[in-house]
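Coming up is one lone chain in structure tokens, specifically the form predicted alone.
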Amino acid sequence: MSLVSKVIKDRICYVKMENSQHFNCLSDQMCQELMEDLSFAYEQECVGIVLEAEVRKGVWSAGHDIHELPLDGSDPLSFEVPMEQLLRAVQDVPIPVIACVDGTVWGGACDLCLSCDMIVSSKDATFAITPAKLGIPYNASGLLHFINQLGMNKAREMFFLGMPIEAEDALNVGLINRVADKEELEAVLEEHFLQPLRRNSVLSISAIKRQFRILSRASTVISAESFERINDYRHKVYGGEDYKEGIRSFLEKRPPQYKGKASDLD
């Protein structure tokens, strides 16, 4: 059964996550279908893509599917993990991707929204990045993504605390582009984003998006020694007991009992 629908209207491809029964978790299947639809939109010469979700109990997407996280000591966010492939696909597809958010956004779904070129949300939307709640070590590319978008201090707040920030706060720090009343969200999306997008040169826009991507990567070069140190920190976390406890406690619906110490990384 498909977890994602797509429809093209007036040169815009609307891609909608439709697995609300599981809160649109970014399972391997969900990620694969989203990537296929991004490619489809580009192949059909659309001028833009709108990423939407079927909302249940106020949740737009609950992020990474915890049931699929490995417990065998392998990296949960390695380069070839489908969710990581999806984030790169959103960033690399040569036409703008606009996230239209009308609910809560958790974990990897927050990174997915930031990977989009623009975000419009309802006033009651919230955004949270929650690896610390689950004992998951985030990866360097993801951290740099948040730092570049939000600045160091706000990125630290979101990662250290794991608490949702409200739409107005997200707007103020540049996480999203525009906030609207829930009942006006589609109209605001159409008037302020899609209509101007259709009028402009898609060739120019595509060239500019490609430049944005190249320039953002150029500013994140680190030394080989620093990269190895980052990987060592992450391996100590996902290879340790806190990571396993975080996943087990989530699946068992109980508070985690973490025993790790900051000095364990020394």
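Owing to the predicted nature of the structure, the values given are computational and were not obtained by experimental measurement. Numbering starts at 1 and runs along the sequence shown.
Keep in mind the form predicted together with a small molecule is missing from the figure; the text below concerns it.
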All of 103, 127 and 180 with a heavy atom within 4.5 Å of the small molecule in the model of the complex: no
Note which of 197, 35, 46, 59 lies within 4.5 Å of the small molecule in the model of the complex, where distance is taken over heavy atoms; exactly one does. 59
Please tell me which of 210, 67, 229, 235 lies within 4.5 Å of the small molecule in the model of the complex, judged by heavy atoms. 67
Looking at heavy atoms inside 4.5 Å, which stretch does the small molecule contact in the model of the complex, given the options 116 to 124, 69 to 77, 93 to 101, 167 to 175? 69 to 77
Evaluate residue 14 for contact with the small molecule in the model of the complex, applying a 4.5 angstroms cut-off between non-hydrogen atoms, and reply yes or no. no
Any of the heavy atoms of residue 134 lying within 4.5 Å of the small molecule in the model of the complex? yes
